[in-house]
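To begin, one chain is listed below as structure tokens, in the form predicted alone.
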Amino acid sequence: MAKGHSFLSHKLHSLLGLFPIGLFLLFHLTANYQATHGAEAFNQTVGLIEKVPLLLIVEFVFIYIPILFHAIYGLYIAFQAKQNVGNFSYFRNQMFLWQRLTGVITLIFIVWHVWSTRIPKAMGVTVNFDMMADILSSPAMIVFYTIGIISTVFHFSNGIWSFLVHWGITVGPRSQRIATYFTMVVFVVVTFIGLRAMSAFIL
């Protein structure tokens, strides 16, 4: 019974990492990328998002609750799981380690990002270009956000590989090797989008 529960939790954990959390990450970074077209373009994008019906409920059901479960179970894995020395190569074991480390870093980054943006919004502060520009006016915050974005995107990209393995989509060495190349491309492209979006707020 315990093994079955763990198996299902593992499956749910990897699934939520992509759907909806991964999709939200791509949407969020793409929305932020509008800042590269100027403050007005970014503010218009935020305005459209704010018009989504029952936005707070949507955020809790499809973002906050999935992230909470993924984070709690991910921390359990990070401190309980061991490297799969007998099952995977040295490279994959390093990815396993970095997946856990970036998971912790990403969690810290998300908590700070929510604290500095969504909490003020709940208190009546307008989320706009100026808010992000103010946050990123500090060199320390630029470094923090750079590390946070790279960590988050790595965790997402490498998580795709884990998802494909756990769900039996990539079974053999060849398919897993192709998946590795694919996730590397995803990491480079999405990291560029995230860092380029961030740079647009640095005045």
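Quick caveat, the model's predicted, so the values are computed rather than measured. Numbering starts at 1 and follows the sequence shown.
If you look for the form predicted in complex with protoporphyrin IX containing FE, you will not find it shown, but the lines that follow are about it.
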Open item on the list: Contact with protoporphyrin IX containing FE in the predicted complex for residue 190, defined as at least one heavy atom pair within 4.5 Å: yes or no?
Closed with: no
Open item on the list: I'd like to know if residue 162 sits close to protoporphyrin IX containing FE in the predicted complex, meaning any non-hydrogen atom pair within 4.5 angstroms.
Closed with: yes
- [ ] Spell out, yes or no, whether the shortest heavy atom distance between residue 75 and protoporphyrin IX containing FE in the predicted complex is within 4.5 Å.
- [x] yes
Task: residue 93 within 4.5 Å of protoporphyrin IX containing FE in the predicted complex, heavy atoms - done: no
Open item on the list: Looking at heavy atoms inside 4.5 Å, which stretch does protoporphyrin IX containing FE contact in the predicted complex, given the options 53-61, 171-179, 148-156, 130-138?
Closed with: 148-156
TODO: Enumerate the residues of 177-203 that have a non-hydrogen atom within 4.5 Å of protoporphyrin IX containing FE in the predicted complex, in sequence order, or give none.
DONE: none
